[in-house]
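Two forms, one protein chain; structure tokens for each follow separately as structure 1 and structure 2.
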Structure 1
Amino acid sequence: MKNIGNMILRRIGQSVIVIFIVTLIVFLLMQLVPGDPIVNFLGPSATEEQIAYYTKLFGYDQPVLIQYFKWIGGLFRGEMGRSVAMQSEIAPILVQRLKNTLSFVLPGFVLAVVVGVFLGIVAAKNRGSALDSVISIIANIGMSMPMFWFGMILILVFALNLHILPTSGYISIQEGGFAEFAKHMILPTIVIAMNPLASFARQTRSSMLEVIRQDYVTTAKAKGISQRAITFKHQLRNALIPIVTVMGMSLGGMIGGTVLVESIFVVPGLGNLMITSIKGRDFMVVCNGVLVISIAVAICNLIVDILYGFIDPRIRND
């Protein structure tokens, strides 16, 4: 256990350094991108006096490094600065948007893991059969289907033709109750889950096939252990390392890559906020958004590292 504790501390230390470097790079890159948040916000009727006034008000007239360290200093005080486009504090907006994003990304991830791993196991167990072919086709379609197109098709089928789900929007549980919340989240959850589901199914099938004919599996069978126990305790557990690696990468990617889903289904989440802010050159929102996504990815990686230790005692004791 001491080894795991040390590993976690080491990983956290590495993550902090990575996040710091990412913030610096993003902050500097945003300065190099042509465009000005004040100019965008005020619109084509603005005058030089107005632009100068708001540039000073938001501190964009100061040297870049001073702006950067002011931002980092603010983070230690729990302040993320103000959005030019939204004329509001950034921190509460980001927290709310992250919650909205997670409200379909996490169910989507769970759906992808449960269904994807199940399909992968079934495909591996029935290698070469018609069922294996069907699952492979589904996985291939899932991986190659454009998210935007799939989302629009689901809207046309379930909202406009069948009238059983809303086309878009987000209603929190507090606002509309769980049923309304769930109705609005079903389609985004399915769309966000489709690609990782397919990926998990393929990875599980491939990993399972590698262990399925190992000697220890034959030994287990010879000892009369039930098929279910062999599948889950001996085969799946030994196949899990590459699957967990893909899952960790996918969850990080799902949090950071929700732009399309949020745009199609009008979910006011992190991806939507990021794309709007990048378009409007709302620098501080972009930098803080990248920071939040970096932290989320770092946490996912940390969880994966910890899971490695639990799945494989050799890693734990190394």
Structure 2
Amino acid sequence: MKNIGNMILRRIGQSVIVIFIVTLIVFLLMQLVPGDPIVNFLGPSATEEQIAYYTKLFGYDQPVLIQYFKWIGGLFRGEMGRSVAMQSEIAPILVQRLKNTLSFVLPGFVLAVVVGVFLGIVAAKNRGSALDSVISIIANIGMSMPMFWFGMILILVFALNLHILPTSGYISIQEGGFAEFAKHMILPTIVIAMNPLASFARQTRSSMLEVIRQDYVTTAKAKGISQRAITFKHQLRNALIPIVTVMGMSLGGMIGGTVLVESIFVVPGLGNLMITSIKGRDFMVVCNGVLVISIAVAICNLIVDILYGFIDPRIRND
């Protein structure tokens, strides 16, 4: 356990350094974006006095590095600053938008893991059969299918033709109950899960095929251990490391790559907020949004590293 604790501390330290570098790069790049957030907010009829007042109010009159370190200092006090466009604190806005994003990303991830791993195991167990070919074709389609095109097809079939699901929109559980919430989240969940599901199926099949003929599997069969126990306790466990790696990368990518899904289904999530803020030159919202996404990705990678230690004890001593 001591080795796992040291590994976790090392990974946390590395993640903090990476997040710091990412936030600095994004903050500096946002300064190069054409346009002034104050002028964009006040409009073309704003006077020089108004522009000067709000520029000083939001601290945009100070050097860039001072603005950056004031922002970082505020984060340690639990403050993310104020949005120029929305004239409100950024933290509550990001929390609500992140909740909306996770309401379909997390179910989509669970769906992708369960179905993808199952299909990968079935394909590996039936290597060379028609079932294996069908699963491989489905996985290849899922990997290559554009997300926006898949979303449009689902809307055309289930919303416009069958009329069993809404075309777009978001209704929270508090507003419309769980049934309405679920109906609006089904299509975004399926779309966000499609590519990771195909990736998990391919990786599981590949990893299972590498271990399926190992000596310890033959020994387990000779001892009379049931096929189910061999599959899950011996084969799948030893094949898990590359699968878990792909899962960790996919979850972080799903959180950071929801812009298309939220645009197609008009979900007021984090990705949608980022696009709106970039268009509105609301720099601090963008920087804080990137920070949240970076932390989410770092947490996913940390979870993967912890799982490595439990799956393969040799990694604990790295």
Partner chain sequence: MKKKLMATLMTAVLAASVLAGCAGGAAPAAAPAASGDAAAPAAEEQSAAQKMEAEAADTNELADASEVKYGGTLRYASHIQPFGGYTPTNTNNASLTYMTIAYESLTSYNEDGTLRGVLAESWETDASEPSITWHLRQGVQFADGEPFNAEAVKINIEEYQSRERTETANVESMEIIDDYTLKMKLKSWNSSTLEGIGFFCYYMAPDKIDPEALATTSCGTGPFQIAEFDPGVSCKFVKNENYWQEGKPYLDAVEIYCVNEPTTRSSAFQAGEYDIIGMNNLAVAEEIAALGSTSIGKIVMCKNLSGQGAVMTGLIPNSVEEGPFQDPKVRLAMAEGLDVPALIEAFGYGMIQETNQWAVPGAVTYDPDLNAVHYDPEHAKQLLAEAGYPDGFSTRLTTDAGNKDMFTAAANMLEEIGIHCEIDLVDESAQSALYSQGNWSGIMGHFAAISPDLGLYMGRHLDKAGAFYAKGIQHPDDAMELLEAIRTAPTDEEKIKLEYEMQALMYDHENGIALFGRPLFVQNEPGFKYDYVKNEGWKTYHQNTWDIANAWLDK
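The structure displayed is predicted, hence computed values, not measured ones. Along the sequence of structure 1, residues get numbers from 1 upward. Superpose the two forms; the largest set of C-alphas matching within 1.5 Å is the rigid core.
Return 1 or 2 according to which structure is the form predicted on its own. The form predicted on its own is the one given as structure 2; the other form is structure 1.
Yes/no, residue 51 Cα shift of 2 Å or more between structure 1 and structure 2 with rigid core fixed: Comparing the forms between structure 1 and structure 2, which are aligned on their rigid core, residue 51 does shift its C-alpha by 2 Å or more.
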